[in-house]
Structures are given as structure tokens and as C-alpha cells.
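To begin, one chain is listed below as C-alpha cells, in the form predicted alone.
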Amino acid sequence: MTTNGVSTYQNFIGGQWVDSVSGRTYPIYNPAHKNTVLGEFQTSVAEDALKAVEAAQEALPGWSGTPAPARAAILFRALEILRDRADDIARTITLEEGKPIADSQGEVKRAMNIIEYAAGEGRRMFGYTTPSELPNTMAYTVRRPLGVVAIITPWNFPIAIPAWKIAPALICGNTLVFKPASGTPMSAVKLVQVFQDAGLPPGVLNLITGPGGLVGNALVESPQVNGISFTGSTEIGTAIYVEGARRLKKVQCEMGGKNAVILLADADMDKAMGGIIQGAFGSTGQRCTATSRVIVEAPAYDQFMNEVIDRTSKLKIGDGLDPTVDVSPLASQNQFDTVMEYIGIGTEEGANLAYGGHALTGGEYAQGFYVEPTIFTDVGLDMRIAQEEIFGPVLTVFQAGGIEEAIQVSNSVQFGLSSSVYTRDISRAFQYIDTVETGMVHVNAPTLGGEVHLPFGGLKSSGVGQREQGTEAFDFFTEVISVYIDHGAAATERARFI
């Protein structure tokens, strides 16, 4: 429905687009033009969530009983539809999240990759056979879907993160309730439409939009929800994990990061600079794998500071729809306020503001949530800007006397998602690999991202539960059942160990 040029989008429950029982909607805005309403979305409540769970429960026997290769055929159709709609969906991501259009295009490509990878697993849903210790006995394992799974996703990757949860969950035979971030629901609607048009049966994938509190709590508390896959803040993820464990649900949470690059004196400086600038300021620093810290070996420090400030000063700031823009607006007023607060905290704590640090509010920036790329030096390890996730274009720089001290600085935070080292010394590279406390490790490459056939996730406060992507994704979305078949004609005496 469209009123005054603004479309109203509905929830998707049981194969039907429906209004929330609340009867209320809320607007979302373009972060580059904050007075521009992009659409109205349903303000869902707990009753909507429970209706979606019920629809998923009703659809479960049919979907879980569909052969995995047949489920894969639907995912392959979804892949082709997404490929056809890639430009439109990338534009939607930029309009509602704000990131540069090239980043949005890359995100859609990532979603396509994970759907393709998950669909391929439809013919590889392997268990294994093993010799039994008993005569005339066959022993093997099979995989069984969890059942109804809640998918709860953040705003910063509104297509890729949902896709890397939804596609593996579907191929494993689960039915889903998808709760996207309230700030980026339009991308979620378009992703669900892709699966709908690919022929996914009614009730297999359900979408509810709106505030996370009531809806999220209802999904966590529902006895019909057997699994929860969450990406978001460490605070919320920890609470979901606790409540899920209390109810014996299977839970995975991908949470915060404070990712560090170690730059050793022997590194290829030009290669390192490209990765650091991209990691710190690409997507306006709003990635869980963004480079938040750089730890520079002392002999390279002055050269690094000269080059990082020079390169940062040349970045173009503006509307993400402009393909020449490097740094686009922050995603929302809340993100803008948070980043500006942290910049203020950094200066109050005594760090040196080496570059940037200002909101851009005049002229072409007047209607958006723009903040200059910002660099702090002389940062103490106990400062909040050294320890807490800022989730914006703010880089903190440290000096270290050598590889041991650099690794100590890298490990000095509660998070452990991603990290990187730049060096030509293979011995020091492996020293870093063996001792750095992160779930993803890069050598001579940025802290960003990963590939869909490898596990994604972190240590410490960055994640809990099984990893996402790679074969681990299918481990999370299934239960392994051990089968023993006694095919002998006579009774077999069995050892009674358990």
C-alpha cells in the first residue's frame, strides 16, 4: 500500500503479507537525507511473533520431510532471482543503511555466494557409518533439523548476514522466524520476496519487523522455538544466550569486535596502508570486523602516521549512492550520537586527536549523519576508546617495541573477533597466528570479512555457540542422531555401559 508516495510494508506470516496486530507502523529514513521517508513498516508485538512461530511449526513437517536436494533446488532458484535483482537490492541497502554503493554491491554478492554454497550442501548432508563392536549390527549417524529457528539480525549488513543464517537453516530442513533490525527492514522484505518467488512453501520463512524487545523476548521464550541465531551487541547476545540456555535451546551469537592490525617495521607499507584505510573507514567503520586499532612497531611509527593522515585526508565523504564516495553517513541518529560521544570521551581521557573528530553538518552534509574519519594517538590501554567497540570511523593508534608487545596490546581487550598482521617475516607471522586471541586471523590482509566456506566468529566476548558459515553452519542448524541396527537372526548380548 502507498500513501502520499510512501509505501507501507507488511509482515510475512504463513505465506501471506499481513499487518501487525498492533495496527501501528513506523517510518524509516535515508541516513544521507534524514528527512526522506523510505517506507512505513509494521510495529510488531509479541502476538505477531507467536503467530509467526505457529506458522513455522505448521510448515515444519512438510519442509523437513522434503528431500534435501529438492530444498536445494529452491535455493538455487533464489540465487538466480537475487542475481537478477542485485542492482535494485544494492541500491536499497545504500538508501536505508547508508553505506557506499560499491559496498552494497559487494554485500549482495556475498549473499549470493552463501546461498550458492548452502544450496550445494543439499547433496552433501552427510552422516557417517562406523563399524560396531557388536556382531550383526550396523552403526551410523544422520542429521535432523532443529525445528523452528529464530533468526535475529543487525542493521549493518541487512542482506548478507540474514542470508548466511537463512540459507544454511533452510537447506537443513528448519522453518524460520526472521526478525531483522528495526532500522533496515526494507532489505529484509526484499530478501524474503526473493525466497517467496523462488517457491518456498508457505510458513517456511516468516518475517516480522519492528522493535526488538518484545518480539525478541517472545521468540526466546517460546517453547516451540528450538534454536536461535543472533548477530548484534555483546550485551544483548549474552542475555539471549543465558535465556536460551535456561530453556535448553541451541543458541549461536556473533557479537562485538575491537579488531587490531599489527604493523611490523618490515611490512610492505603501501599494501598495509590500503588494508588499514579500507578496514577502518570502509562502510564508515560500521562492520563487526572493522579495523579499530593499529599497533605499529616503533621504527615504522612516524612513516605510518604521515601516510595514514595523508591518505585519510583524501577520502571523499558523501551520499553512498555517489559511486566516487569513500565514506558515507552513519546509519542513524543513534549511531551518530554514539560515535560523537566516543570522540568526546577520547579527548577527555587525554588521547591525542591526530585527525578529524568533527561532525559535518553544513552544506551538502546538512541532511545526513556525517562524521569525519577520526584518528587518535597517545591512547592508553585502559582508555574506553581503546577497550570499547565504537562502531564508527574511529581509529586508535598504539606503538609497540616488538612483536611480543604488539600481540599483548592486541589481546588486551575483551573482544576476539578478527585481527591482522603485516610483515615479511614468516617466523613472526606464525608467532602471531599461534598467540593472538581472535577467531579469525589475517596475514598481510585487512581484518575484514572472510569466505563463505570458512567459519566466521570470534573468541571471548565476540561470540558464543557454534560458528557461522563453513561446515560449522550446518552443524549448528542440525542435530546428529546415532543409529544402531541389530540385523542378526538371534539375540545379541549387549554390554551395559550406559
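All figures in this text were calculated on a predicted structure; none of them were measured in a lab. So that there is no doubt, residue numbering starts at 1 and follows the sequence shown.
This next part talks about the form predicted together with a small molecule, which is not shown.
The three marked residues, G106, S187 and Y370, fail to reach the small molecule in the predicted complex, with no heavy atom of any inside 4.5 Å. Within 4.5 Å of some heavy atom of the small molecule in the predicted complex lies at least one heavy atom of A181.
Put simply, F230 is close to the small molecule in the predicted complex: some heavy atom of it is within 4.5 Å.
With a 4.5 Å cutoff on heavy atoms, T153 counts as touching the small molecule in the predicted complex. None of the heavy atoms of L134 is located within 4.5 Å of the small molecule in the predicted complex. Shown without its partner, this chain lists Q399, N217, N411, Q278 as candidates; in the predicted complex, only N217 has a non-hydrogen atom within 4.5 angstroms of the small molecule.
Checking E389, E297, E96, D326 for any heavy atom within 4.5 Å of the small molecule in the predicted complex turns up a single hit: E389. Contact with the small molecule in the predicted complex, judged as any non-hydrogen atom within 4.5 angstroms, is confined among 303-311, 349-357, 98-106, 155-163 to 155-163.
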